[in-house]
Structure formats: structure tokens, C-alpha cells
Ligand code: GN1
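Given as C-alpha cells, the chain that follows is alone and in the form predicted alone.
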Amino acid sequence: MHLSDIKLDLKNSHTLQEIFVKFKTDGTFFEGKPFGTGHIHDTFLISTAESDLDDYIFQKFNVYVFKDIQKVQENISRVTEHLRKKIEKLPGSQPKRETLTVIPSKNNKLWHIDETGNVWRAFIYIPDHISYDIVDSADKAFEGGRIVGRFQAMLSDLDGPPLHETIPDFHNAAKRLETFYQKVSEDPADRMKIVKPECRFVDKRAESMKTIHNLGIEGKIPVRITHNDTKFNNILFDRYTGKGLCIIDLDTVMPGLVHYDFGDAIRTVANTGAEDEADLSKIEMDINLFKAYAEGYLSEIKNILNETEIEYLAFAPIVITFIQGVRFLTDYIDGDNYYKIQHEHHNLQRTRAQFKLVESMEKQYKEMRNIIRELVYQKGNC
């Protein structure tokens, strides 16, 4: 039985086939099935009956996480159109595989609202791709860095007004710390007696972790277009060549500092343990994966960055990892209202894992800085 015969869990029993015909798609609906492991939207792969036509990704959009579909979709449309124009000019390029393609609805909007109020959007499916949750080689790390650097570099000259800020203060270290200290003072879940060592960890580093944010406010680090969610499984690779194709999940594309993307990528790429690893002895930053990712990243963007951006690039992973730990700790103190948890102290476990990674990065910070400098200022590449 095809999924086209199965009703989705919608109040008015809409099917994927009924949603499919609301968009400017080519071909005939054949079947649809759940796709991917994302936690935000409900995602489906729609296959068409014609073998020579595109298949599609359809998503039921989560309006609780992203409050304004128009801002999100306008950002994605502007970014992908700009990328496509640049990619089309490159020899041997494959625009449909090297950037997302937004499919508008038949009433020329970038989304469709069904009769029950659910919001839907559509993209062309990129075939023969693979993504990775774990980075187990320098080659993968290099390609991941290259794709993120290419993404930022290609968008550095996007004309027009600034993109919308889809999640205000998403990587604002000062704001995250302000929220943290507010919850510390309130202690709503009566957990402060448990987290004194973690709070001391935060207190010791709080001011220094605002450095990149403050340099942005001062204008020494320019605001650019950043992805803001550069976890490694958001990068698609060609299944057969192993080359990076593009970065997906563009909901958080908005104005930001390049350090956000670089820092968050290293936090996930170079960590030898899981984000919530209970055995802290397993957590270190793999300096070889750091170097490979940085090499790929800088191969695309180093000629665009200014000296201050370069100077603080190695510090970015420490900041972003620290702030992620602070976010987990804030939620733990607040009673676990934001992140999904699997047990009572899951957010505290996550906090400790992130703070252990921060310590590993701090121990290797001098080497990280030297690697960045060598990659940027090596002979012939000044």
C-alpha cells in the first residue's frame, strides 16, 4: 500500500497527495514516506511516477519553533537564488545538487496553508547524497569545512536589505548569560544546590566569553550571512565521490558572525564523545579534525575575512561550546522546559559534557591559533 493511500495525522485527513498538487511540482505523485531524523519539522520524501523528473521533499512546518514562516521562507529563497546564480557560472556545476531549490505554491507563495491550518513547504530532493552524524576522517572534516566556507563566501555579496532575524539573539553570548543568571537567582526547580561546581565554571569564564559578541557590537567583526546551525549532518555529500555538495536546513540563515558557524561546527565535528556523554574521560577535542575542518573552511573564505575575524576564529569553538553548555545548564535549573530529556538529570549531563569539551579546547587553544595562522598566512597565500 502506498503512503498516498494512508491519511496523515491531520484534523481534516489531508493526504500527501492532496498537498502535493498545491505546489508547482512537475510529474505525477507516486508515493510519499517519512524522511530523515529531524526534530523540528515533519519531513516527507515524495516520489514522482516519471523517472526523468525530480522527486521532492515536503515539510509540515513547525510554527511553534519558528513563529514567522514568511521571514524564514523569504530568507531561504533569497539565499538559494543568490547561490544558484553563482553556482551556474562555475564549470561542471550542478545547481540542483549544490543548493536547495524552493518550490512555490500554485498561488505563488513560498508555502501553503491547508484547510486545518498546517503550514507546508516544498524543495527539490537531492538524490544520491549521504550525510554523517559522526566525523571519522580528516577528508570528511575538510569537505564539511569547505562547504560551510563556500556557503559564507558566496553569500558575502548578497545585495538588498539584511535578512530577517528568524530567532533573535540565537548566538548572543551576553543574552544567554543574562538569562542564565536570572534563572540562577530564581532557582525555580530548586536545583541550585546541585550545580554549584558548574556555576563556578560559568562565573570564571563569563566575561571573556562575551568577547566576540562585543567585537561585533563595536564593528570590528562585521555582520555577515551565517547558517547558525552547522552540525555536521546538515551537510550533504555525494554518495559516490565523497565530495561535499551543500548545506541544508536553512531555517536559521540570518545575519550573524562567521565565528558562530565555525565554532558550532568544531563543537560537533572534533568532539571525541557524544554531546551528552556521561563518561567525561571520553571527551576531548581532536586537534587533527580541527585542523582538517579549518583547512577546508579557510580554503574558501580566508580572502574575505578581516584580520580581527581571523584572530578570533580559534576562540570561537570555545565560546560556542561554552554557551551551549550554559543553555543546557539554564534549562536544567529552570526545570527542563526547553530541551527534550531522557532522564531527570539529562541536561546536567549535557552541561558537564560541554564544559569538559571547553576545557579540552582551552588546553589546545595555543595550537588551534597557530593552525589558523599557518593556514591563512602560509607563503603565497597572504
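Quantities reported herein were computed from a predicted structural model and do not represent experimental measurements. The numbering used is simple: start at 1 and walk along the sequence shown.
There is another form of this protein, the form predicted in complex with this ligand, and it is not shown here; the text below is about that form.
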query: Candidate spot 83, 226 and 298, all three touching this ligand in the predicted complex (heavy atom, 4.5 Å); finding: no
query: Answer option from 277, 284, 114, 249, heavy atom within 4.5 Å of this ligand in the predicted complex; finding: 249
query: Any non-hydrogen atom of residue 322 within 4.5 angstroms of this ligand in the predicted complex; finding: no
query: Contact test in the predicted complex: residue 66 vs this ligand, heavy atoms, 4.5 Å; finding: yes
query: Non-hydrogen atom contact residue 327 with this ligand in the predicted complex at 4.5 angstroms; finding: yes
query: Residue 167, heavy atom within 4.5 angstroms of this ligand in the predicted complex; finding: yes
query: Partner-proximal stretch of 229-237, 67-75, 177-185, 134-142 relative to this ligand in the predicted complex, 4.5 angstroms, heavy atom; finding: 229-237
query: Any residue of 255-273 that, in the predicted complex, places a heavy atom within 4.5 Å of this ligand; finding: 264, 267
